[in-house]
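Given next, in structure tokens, is a single chain: the form predicted alone.
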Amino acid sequence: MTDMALPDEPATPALVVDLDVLDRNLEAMSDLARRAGVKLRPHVKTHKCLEIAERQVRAGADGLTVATVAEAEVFASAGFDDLFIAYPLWVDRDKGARIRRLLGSVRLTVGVDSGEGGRAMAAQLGADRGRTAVLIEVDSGHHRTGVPPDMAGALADQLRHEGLVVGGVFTFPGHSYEPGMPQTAAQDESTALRDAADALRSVGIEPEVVSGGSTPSVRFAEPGTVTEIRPGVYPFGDAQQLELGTCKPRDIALTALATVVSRSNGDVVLDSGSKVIGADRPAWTTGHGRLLDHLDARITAISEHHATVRWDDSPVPSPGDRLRVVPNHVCNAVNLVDELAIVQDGRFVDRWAVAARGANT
């Protein structure tokens, strides 16, 4: 589909998903996991959409990853029954009560990266503390959360004495989101997870789950070390993935459909501002997003409702023309809208709710 054949519906600005590209991306990741002999547990914080999660499971996903208890509640209420909250939760009274309710209908796993966090969880879950498995988060180089890999055994022993069931270890190689780093981050992940798994074995715990994998690094994940991968962005792709080389233009399934509202001095102004495409711009990116059908153009500035594009080619689009904008960070863009417009063969065919939008607690 090119910008000359974009649908008249929906009104712009809107986030639009090409169904054929989406399904192709889902199948490709499932094939990668099958060939590697690992489970695929996609992170649904990217799309927050029940219909897409259903398609991921049909394509072969083994459960889902979520970021919050609220996300777990949304997907559990829709019948998804194997969920991992990949986050070192601080479980207060409210979260404890909600987790106990979830345990009535789902197989729930929760992340932990401190003894304090484990004690709080055990105290709030009470007699249910043994009904949820915990995975210990280790730091594989992103330096955000997680314990050093060689400390995983000591933490596992603490958690075990709190009555929690330690099921294994996980990490997020977030430093894969830098140019030239996906393969290095995957190697760091493998080393960290091997060391952490050995640390668990040193205290008599055999890790059933060794979990890793971001979208940029997942193709380099080491079979035999990881047992499951948790990519999130892969159903859609985004401008970061394009510039990292993780995906190609043909793999971009989600774009912001935008209209030219003004032009002057070689600049084109679109109606897709930060309230639609998000404001993320890592220092290494070439702009505030990309134009899928005009990859040489650069989004040089954004405000709440406008995106300014430096247009070096001709002809320059006219006011009223529609263009496809690729957000830098698709996860943030999706969380800004209530629904996704679904297109197939250049035609608008459906609307899917962003069911877990704002499910941040």
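What you see is a predicted model, and the numbers here were worked out from it, not measured in a lab. Residue indices: 1-based, along the sequence shown.
Below, we turn to the form predicted in complex with another copy of the chain, even though it does not appear here.
- In the predicted complex, another copy of the chain sits within 4.5 Å of a heavy atom belonging to Arg144.
- At the 4.5 Å threshold, heavy atoms of Glu206 stay clear of another copy of the chain in the predicted complex, well away from it.
- Under a 4.5 angstroms non-hydrogen atom cutoff, another copy of the chain in the predicted complex lacks Arg41 among its neighbouring residues.
- Val260 belongs to the set of residues with a heavy atom inside 4.5 Å of another copy of the chain in the predicted complex.
- Contact annotation for the candidate site: Tyr87, Lys95 and Asp271 all lie close to another copy of the chain in the predicted complex (heavy atom within 4.5 Å).
- Contact with another copy of the chain in the predicted complex, defined as a heavy atom within 4.5 Å, holds for exactly one of Ala123, Ala154, Ala78, Ala279, namely Ala279.
- Heavy atoms within 4.5 Å of another copy of the chain in the predicted complex are found in exactly one of 323-331, 291-299, 57-65, 33-41, that being 323-331.
- With contact defined as any non-hydrogen atom lying within 4.5 angstroms of another copy of the chain in the predicted complex, the contacting residues in 28-61 are Lys45, Lys48, given in sequence order.
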